[in-house]
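A lone chain, given as structure tokens: the form predicted alone.
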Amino acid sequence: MYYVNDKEFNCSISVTLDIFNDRWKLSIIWHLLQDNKRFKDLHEEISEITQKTLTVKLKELEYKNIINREVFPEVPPKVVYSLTDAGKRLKPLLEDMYEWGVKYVEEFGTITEENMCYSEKNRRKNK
């Protein structure tokens, strides 16, 4: 039995699925792998997400110890999000998922520059 985040699980894959139970959390982590970001920057990079949903998902990831939220005592307040060590350990997994997705689209679809996500355009430039 696994006990974490006030829940009980029969299997470790259930723990993983409980944490990453929607499309937004992995996208947030993907963008934070490149650098620490402010809320506005994350919202611009993940343009399809609403501000309310981004706020909720950031709080959930913070509660699950995947991201850190650091508030700087400035006016207006500056808040920066970064990955915890647990979040950073997702890097190889997400990079494999990225490569799998690219190969899948190359085999069964089309990749166009205007439809690439912000981080993908940057990754392709830096290769």
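Start at 1 and count along the sequence shown; that's the residue number. Source: prediction; values computed, not measured.
Keep in mind that the form predicted together with the DNA is missing from the display, and what follows is about it.
Student: I'd like to know whether Lys103 contacts the DNA in the predicted bound form, with contact meaning heavy atoms within 4.5 angstroms.
Tutor: The answer is no: Lys103 has no heavy atom within 4.5 Å of the DNA.
Student: With the partner left out here, check for me: in the predicted bound form, does some heavy atom of Lys78 sit within 4.5 Å of the DNA?
Tutor: Heavy-atom contact with the DNA at 4.5 Å: present for Lys78.
Student: Is Thr50 close enough to touch the DNA in the predicted bound form, meaning at least one heavy atom pair within 4.5 Å?
Tutor: Result yes; Thr50 sits at the interface with the DNA in the predicted bound form.
Student: Does Asn36 reach the DNA in the predicted bound form, with heavy atoms at most 4.5 Å apart?
Tutor: Answer no; every heavy atom of Asn36 is more than 4.5 Å from the DNA in the predicted bound form.
Student: With the DNA taken in the predicted bound form, which residues across 21-36 come within 4.5 angstroms through any non-hydrogen atom?
Tutor: Sequence-ordered list: Asp22, Arg23, Trp24.
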